[in-house]
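So this first bit is one chain, no partners, the form predicted alone, shown in structure tokens.
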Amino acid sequence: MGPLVPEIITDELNLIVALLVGVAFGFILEQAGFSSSRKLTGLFYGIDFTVLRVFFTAGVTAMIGIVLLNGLGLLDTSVIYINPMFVTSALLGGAIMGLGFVLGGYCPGTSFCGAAVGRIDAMLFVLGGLVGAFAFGEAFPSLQAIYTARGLGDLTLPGVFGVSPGVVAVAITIVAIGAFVATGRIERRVNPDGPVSRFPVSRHRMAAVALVVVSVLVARLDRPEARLLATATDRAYAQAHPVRMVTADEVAFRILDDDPRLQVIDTRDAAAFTAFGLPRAINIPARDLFGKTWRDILGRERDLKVFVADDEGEAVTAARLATLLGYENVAALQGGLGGFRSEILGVTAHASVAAPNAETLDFRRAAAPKLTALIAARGAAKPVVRTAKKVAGGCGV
């Protein structure tokens, strides 16, 4: 439910949708024969690889779907929760679950599927799983050191190998097809009358080719972040879509007037923001404009959101990017923070400073000490660090 919660589906409705999806998923598992322990253990004896084919197909489908939705800008993958990787517990847990799978003929998800259709062995398996989960919870304080040993954080294959998710999707698709071919040959030798004997070979070959083509096409999609950044910095687009510019005088006046509709967005890095920043400014680097982390502030349509940076061009690019992301009432500080310092903060009563008129010069001379005091009172303000709320989920099958 990652791309839908909470904008379209509320947290409460999400539980109902999850229940309905779970029922549908269980129905599909039962139709695939996963309520039978014989069907499941056939994998380990080489006589029936339906389990491998179904789960590999589900994984590849979900993977390509995620890459496609992310490429189209419909899914924010940063909010998808990834279970932290703990090497020791993963190896031990995998060994225990694998042994239980072989002995009991079920994994946790398929055992509930079997129990739902009245299989006694599945019911006993579920009962044993619940007892085991309770025992693990009671013993967790003693096992915590083992459980959290060798933690690697939110590990992903694109992060490990330094490649795009699309490349990983193509690679795993090819691995899946290779696994289908290899297990099909094994199954034909061990169990000539098994399910694979009834497969239309020519259609499966065409489907495999089509799957590889689809995965390659999806992988070639540029990530929406890259496309939007390229558009925001494109000279022709910039000329056709000029950004609203706000003068240093207007920003200074609004700050001193304590205008509740002014929001200064500082796009510099955290160190620069801590060293110097305008009063009431918040630090949102351009890379953090993507996603939902700052949507509550950037989405205020009535607020004037003025983007600032040391260089006017950087502020303009960030403001144009915000506009491309759908935010309204966006502007950039004319002359950048350097211009603000020289035009406003650098003015003294005896300095000869170029100004549009005498009233503007008088305003700057009156505003300079007040703004300097506000900036001094601000001190070394630390930027507010926000992290995207992860949408947890998953399957224990």
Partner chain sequence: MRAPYMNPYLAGVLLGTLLLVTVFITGRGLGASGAYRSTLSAAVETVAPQHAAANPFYAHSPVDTSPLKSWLVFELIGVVIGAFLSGVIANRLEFVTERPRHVTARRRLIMATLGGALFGIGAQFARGCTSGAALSGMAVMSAGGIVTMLAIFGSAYASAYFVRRLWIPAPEASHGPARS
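Everything quoted here is computed from the prediction, not taken from an experiment. Residue numbers count along the first chain shown, from 1.
Below: the form predicted together with its partner chain, not depicted.
- In the predicted complex, its partner chain lies farther than 4.5 Å from every heavy atom of residue 275.
- Using a 4.5 angstroms threshold between heavy atoms, residue 334 stays clear of its partner chain in the predicted complex.
- The closest non-hydrogen atom of residue 137 lies within 4.5 Å of its partner chain in the predicted complex.
- Proximity of residue 372 to its partner chain in the predicted complex: non-hydrogen atoms within 4.5 Å are absent; the residue sits far from the partner.
- Just one listed stretch, out of 276-284, 309-317, 228-236, 77-85, contacts its partner chain in the predicted complex at the 4.5 Å heavy atom level, and that stretch is 77-85.
- With the partner omitted from this view, the residue of 240, 210, 271, 103 that lies near its partner chain in the predicted complex is 103 [heavy atom within 4.5 Å].
- No residue of the trio 303, 323 and 378 has any heavy atom within 4.5 Å of its partner chain in the predicted complex.
- Residues of 108-143 lying near its partner chain in the predicted complex, listed in sequence order, are 108, 109, 112, 113, 116, 117, 118, 119, 120, 121, 123, 124, 125, 126, 128, 129, 130, 132, 133, 134, 136, 137, 138, 140, 141, 143, the criterion being any heavy atom within 4.5 Å.
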